[in-house]
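What follows is a single chain, given as structure tokens, in the form predicted on its own.
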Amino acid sequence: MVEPLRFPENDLFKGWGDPLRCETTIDGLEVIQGAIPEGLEGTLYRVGADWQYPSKRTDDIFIDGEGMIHSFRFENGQASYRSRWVHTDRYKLQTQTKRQVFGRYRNRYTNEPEAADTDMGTANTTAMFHAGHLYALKESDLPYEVDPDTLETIGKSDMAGQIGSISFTAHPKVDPITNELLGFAYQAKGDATRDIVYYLFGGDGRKKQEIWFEMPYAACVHDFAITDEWVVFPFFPLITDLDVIKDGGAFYQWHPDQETVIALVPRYGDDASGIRWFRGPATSAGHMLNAVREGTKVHLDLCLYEGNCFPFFTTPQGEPTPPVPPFLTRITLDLERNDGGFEKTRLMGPSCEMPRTDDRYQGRAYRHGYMIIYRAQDGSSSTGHLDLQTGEIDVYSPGPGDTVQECQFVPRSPDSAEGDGWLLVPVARVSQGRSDLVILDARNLAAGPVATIKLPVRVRATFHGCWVPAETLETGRYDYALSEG
């Protein structure tokens, strides 16, 4: 007899975090305010975590759980919604066992015997579209290709044998101007290895560069940044210890005695000989806003924590670390400076997370940044816009107790000026137990939504995603341009 299913007493699974565990298809979503802008044609893809089966643990964390991919398709003035499980190896095994057989986050040594030879990848972090293919990604595994129309899983992909590492980043950069894909893998040869590899793919999907090198320690490298000439890899001292995980411990531990180390890798380099290194005190970050080259300097703009960004990962001594807020910070790396250090400058007063730009300006001089901002005591959050030139902050607030997820910028036209377009923002209507998707004018967030699209269901949690114009879905290429104005 199969044992009864019951989620443990963990705040992770209560309230809005209550696992949804179902797939949804809704054609013709209701627009309850305003109207969908003319010319907004394409699909917003989002990926998040849900729980297929309850675990028996009480130390589960919110970044774990099976991948669920979501799509909001805009066509002829209407919108539709679809969500589907990503059929990873882990998902398929648990479909057979009818229970959770995977243990502590990313720790294969805590899995049940049935899962001994099964990859733990969940494909639960982001969606990427490149060279005509849609993928769901988690940095501990290879990408899973997904049908862009039905969201049915096609299968795990090493991109036609071109990825030699055991995994691929959950924060790739698809340059919609060059149509290049820049990505990487860390701990690229297995748990706790110091190997990292950088990949560059052309618009046709063919690999152009591959550079392997070593990290200073077996770090967590969740995100990176790019410029026109450099790829920026920040290494923060959230470190994997193989002996610890073999003993059933956490996959990462926070080492405040270690340094922050940043590597600049030539974007179009052939090997590791051109890498430049910079060091500073222990900090951490999950997400980069952008990076820009200015003469001999490279500026890295990121949501920086002066401490541990994941407090559920303790020190090696088992000591918890106090939560610290993330602030948008500019780290400046001077290629003419010979002492290997760097400078830090705070760019904005309020704390923020999940930063985004107009994707056309990733790695290029830019003015506009968007992020989740102003988390209130009632649990609500807002979407913010920072004008880096003037320092002005513009904010959209969904209302008391309601929360926003990461936004997505969509240009008004393929060659519109930077920041001239729309922000698509999933909103959790917490008190109503359902969600909205709001469309904001990216130049005037405080004016409120241009349109509010009602979902009669709850979109539990999504982390990251991408916008794919209708034409790009057909051709496989972005037809974007930089404004000359």
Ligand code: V55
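Heads up: residue numbers just count along the shown sequence, starting at 1. Only a predicted model underlies this, so the values are computations on that prediction, with no experimental measurement involved.
Form predicted together with the ligand: not shown, discussed below.
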Q) Can you pick the one in 130, 287, 90, 368 that has a heavy atom within 4.5 Å of the ligand in the model of the complex? A) 287
Q) Between the options 124, 71, 167, 283, which residue brings a heavy atom to within 4.5 Å of the ligand in the model of the complex? A) 124
**Q.** residue 360, heavy atom within 4.5 angstroms of the ligand in the model of the complex
**A.** no
Q: Classify residue 222 as contacting or not contacting the ligand in the model of the complex by the rule of any non-hydrogen atom within 4.5 angstroms, answering yes or no.
A: yes
(Q) residue 105 versus the ligand, in the model of the complex: is there a non-hydrogen atom within 4.5 Å? (A) yes
Q. Does any heavy atom of residue 180 come within 4.5 Å of a heavy atom of the ligand in the model of the complex?
A. no
Q: Name the stretch, out of 136-144, 337-345, 211-219, 386-394, where some heavy atom lies within 4.5 Å of the ligand in the model of the complex.
A: 136-144
Q: Taking only heavy atoms into account, state which residues of 307-321 are within 4.5 Å of the ligand in the model of the complex, ordered by sequence.
A: 310
